[in-house]
Every structure is written in structure tokens, then in C-alpha cells.
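First, one chain by itself: the form predicted on its own, in C-alpha cells.
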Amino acid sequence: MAKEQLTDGAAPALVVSHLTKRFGDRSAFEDVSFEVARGEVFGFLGPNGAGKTTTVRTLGTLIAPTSGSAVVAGIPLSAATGAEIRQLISVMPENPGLYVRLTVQENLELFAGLYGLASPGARIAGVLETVNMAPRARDLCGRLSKGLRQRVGLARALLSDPVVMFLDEPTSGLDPVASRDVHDLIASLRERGVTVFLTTHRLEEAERLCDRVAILNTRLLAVGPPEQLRTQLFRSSLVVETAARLPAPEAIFTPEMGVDKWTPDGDAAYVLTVAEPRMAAPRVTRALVAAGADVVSIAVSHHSLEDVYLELVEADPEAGR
């Protein structure tokens, strides 16, 4: 598991230290620092214009940073080491850029030649099997759906057997079935020990796939596992629903019951802020029953990664610029 690999002593797949990229007076991203473990699926989130794609292009050796440093797949990032790094990584942009008048097989043969792969036939067959495209090898790419073209793009990115894969919005525009196929492939890459650096606008996708996420808005706002970020930003809460409005809820939802504060949520529902849900829920339930209330439900309220994202981005003074 990638979370275990964070502490297993292996050198990180990516080390980014105070990295900045400016275009004239405008900062695409500024003073960004983080590490990514080998075999980790690392989500990179942020609003449009936050600098996500520029970060990928920088770490992928396509553009040079203005300042700061990075180590990619164990190699310090510099103009002199770009070719060496590119042998160990792959970058799949949102639009995979396939040649539509060539077949799937011909596209992969062309890119295998650009990678300098000798006798690539077996490698091409293997990546086509990985992305479930072997039966479509002789189809023209121009006749494929967007979802199938994304699979071919992933096959191309796998050709060089990369240590680190940068996937920029790989499910953009895909239907749920095609998105699920991409998710399954990313999960299989994690199992094989490939480090996946994933940029996405789909927060439920990041929550499902990623061991950790970073939230960027030109500056790095937070890094950590989704559950840890939820815990840091939000207090736990219970949602209580009763059959009828309580005549005196303040007499039930007290500190003695483990409730820090409460607010009504409709006619006969209440949101309770608590420190320990497992301790407070039984106490509150017993107090409600003792007061003669008919309890319809009582449940822990779980904040989503979307809640975390919105809380951080909307609180960021740069959000409204």
C-alpha cells in the first residue's frame, strides 16, 4: 500500500521544494513543496487557473521552473537531466493527441519508435491487453469513441514502462462506464508499484482513488489523506431526526450528553456538534427516549473531500482574484 510506502524508507518518487513558475508578472504556481511516495496515487486538485497543468508540464520536463527544485524518479530536475527523466516517466494530457488516420496498432508502433523501444511488438501487445484494447488494435483511432481514445492514450503512456505517470484529467468528458474503466486501470497501476500523479476536477474520483491529495490555488493550500484533511477542518457532527419537533431540545442536547452545540435542520431534525460521536450518540439516544421522543434516525455526518476543497479554496484570499 502506498500509505505504508510513505514510511518504508524507499526514496520518494517525487520531491518538490519551493517550486515556482512565472510567466512575466503572473505566477502560474508559487513556492510549492511536497513529496510523493513510490507506488502512491497522488491527487492534484484545484480550480481552473490554479497551476495544476503547469506543474505537470514542469515536473514532466516540458517547461523549466523559474525557481525552486525538484527530484523526479530519483533524478534532480534540470535542463541537463531532462532526457534522462523522460526515460522514466510518462505524461498523458487531457487530449492524448493520437493520429486519427492511423490504427491503434500503428499509433503505438509510431510512439514506440519515438521512445526508442527495440522490438516493441510484445510491449505493444501487453499494454493493449492492460487497457482492454487488443480486439480494437486494427481500428482507426478517428473512429473510436472518446473513452476508447483515452484507453489508447493510456496504452501509449504505458509503453515505456514508466516509474511515474502524470495523468492530466484522464476521465474528462467520459461517461460513467468509461470512467470506471480508467479508475480500474489506475488501481491496477498502484498494485504494480507505479506512482500516479493525477490531476482531476472530479472530487469523488480523487476521494476514491488517491492515497493523498494536494489542493492548489497557485499556492499549496493543503496536502494529506482525504480523511486527515476532513478531521483537521471539520468537527464531528451527529444528525438526529425525530418523528415530531422536540418541545425543549436545549434540555436534551447538553454538554453532559457530549454535545458542544446544536442547530435545527428543518422541522424535526437537528445537527449536533460533538467531539466523540461514538460516545455522544448512545447518550443522546437514551436522553431522547427518556424524554418521550420518537427517534427516526441518528447518524454521524461525514464531510466529503468536496467539503474540504470548497472550505480551503473559498477561504483562500487568492480565490476571488
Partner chain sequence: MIGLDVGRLAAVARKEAREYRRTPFIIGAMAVLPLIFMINPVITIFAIGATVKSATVAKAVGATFLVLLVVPAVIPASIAAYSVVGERDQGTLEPLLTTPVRRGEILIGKALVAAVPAVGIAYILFALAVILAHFFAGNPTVAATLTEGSHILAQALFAPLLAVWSIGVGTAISARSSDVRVAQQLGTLASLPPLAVTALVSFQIVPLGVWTAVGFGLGLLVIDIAMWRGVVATFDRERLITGSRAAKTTGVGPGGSVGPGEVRRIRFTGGTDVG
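Positions refer to the first chain, counted from 1. Computed from a predicted model, the values in this text were never measured in an experiment.
Just so you know, the form predicted together with its partner chain exists too; it's not on screen, but the next bit is about it.
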Look up in the predicted complex whether residue 15 has a non-hydrogen atom within 4.5 angstroms of its partner chain, and give yes or no. yes
Do residue 246 and its partner chain share at least one heavy atom pair within 4.5 Å in the predicted complex? no
Against its partner chain in the predicted complex, would residue 225 count as a contact residue? Criterion: heavy atoms within 4.5 Å. no
So, residue 263 and its partner chain: in the predicted complex, are they within 4.5 Å at any heavy atom pair? no
Have a look at 273, 27, 69, 254 for me and say which one sits with a heavy atom within 4.5 Å of its partner chain in the predicted complex. 69
Only hit among 135, 176, 97, 121 for heavy atom within 4.5 Å of its partner chain in the predicted complex is 97
Tell me whether 52, 130 and 202, taken together, all sit within 4.5 Å of its partner chain in the predicted complex, counting heavy atoms only. no
Would you point out which of 191 to 199, 215 to 223, 177 to 185, 106 to 114 contains residues with a non-hydrogen atom within 4.5 Å of its partner chain in the predicted complex? 106 to 114
Within 49 to 81, the residues that have a heavy atom no more than 4.5 Å from its partner chain in the predicted complex: 57, 61, 62, 63, 64, 65, 66, 67, 68, 69, 70, 71, 76, 77, 78, 79, 80
